[in-house]
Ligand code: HEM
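Taking the form predicted alone, here's one chain by itself in structure tokens.
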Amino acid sequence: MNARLYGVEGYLISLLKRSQTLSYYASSRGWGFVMAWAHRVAGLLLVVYVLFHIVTLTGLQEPARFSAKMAFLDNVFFAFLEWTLAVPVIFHALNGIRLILYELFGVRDEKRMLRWVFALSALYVCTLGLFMALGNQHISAGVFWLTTALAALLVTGGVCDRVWQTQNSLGWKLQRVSAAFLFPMVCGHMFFMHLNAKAGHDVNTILERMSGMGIRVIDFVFVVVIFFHAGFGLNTIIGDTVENNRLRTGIKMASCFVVLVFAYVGLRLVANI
């Protein structure tokens, strides 16, 4: 990672190097270490967003209240925030795949892999922004989610074939498997929600989409996997950062409780819509 970098990649690295803390860890521990912690920070941001998203979606049980919330959020500022959310989403997803390729498939060229993470992240964010600006791109929810779910199953199957050959714990294995499944699902979810503003903001459109049995099954599995992945990730971060045993145990129990409560709310919402 010490070779001179050009273009967008070089510009991004130069921005990161302006931080004394990042520069110190990059020079002493390597950019892989910095990226690992950036991966965790992005994950924490996404956990907060998922919890907020579940709270927002509970308003679907009262369509008028949900419509009022969406009307409040229907402005340029919140549209910009929705777009910027794509940054931690795609970075966390692609960097997670990079780690899986490193751990399970022996891809050790970190310089090239980090370059792909930067390039594909920028491509995804820019493409999403373009479709948000164009607006009203119509696509069948059934076809889109069937294709996305099949892609998720293919990626998951490839990872499963490798992960079960390792001697790691069951939780470690399931975390990698869940990451493989969520890679197409989360990226696809964000893309689908912004192809047409109604898909994520109009109460009738959302209820119609979620009422289909096929979509309901996909959403149910999606909720289970995403909250497992979030819960395991939180516990890993807590285990690595909190030194006091009693405090660490208490924080882990509290985080598990919160994750389980929100997972229950999400599953109940999917079942009752």
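For every residue, the number given is its place in the sequence shown, counted from 1. On a predicted model such as this, the values are computed, not experimentally measured, just so you know.
Note that the form predicted together with protoporphyrin IX containing FE isn't included here; everything after this is about it.
- Although the partner is absent here, Val34 is not a contact residue: none of its heavy atoms lies within 4.5 angstroms of protoporphyrin IX containing FE in the model of the complex.
- Using a 4.5 angstroms threshold between heavy atoms, Ser121 stays clear of protoporphyrin IX containing FE in the model of the complex.
- Although the partner is absent here, Leu44 sits close enough that one of its heavy atoms falls within 4.5 Å of protoporphyrin IX containing FE in the model of the complex.
- Contact annotation for Gly129: none of its heavy atoms lies within 4.5 Å of protoporphyrin IX containing FE in the model of the complex.
- For the three residues Val117, Leu174 and Leu195, a heavy atom within 4.5 Å of protoporphyrin IX containing FE turns up in the model of the complex in no case.
- Residues within 4.5 angstroms of protoporphyrin IX containing FE in the model of the complex, judged by any non-hydrogen atom, belong to 85 to 93 and to none of the other stretches in 85 to 93, 146 to 154, 106 to 114, 159 to 167.
- Residues are counted as partner-facing when one of their heavy atoms sits within 4.5 Å of protoporphyrin IX containing FE in the model of the complex; in 161 to 190 these are Gln175, Arg176, Ala179, Leu182, Phe183, Val186, His189, Met190, in sequence order.
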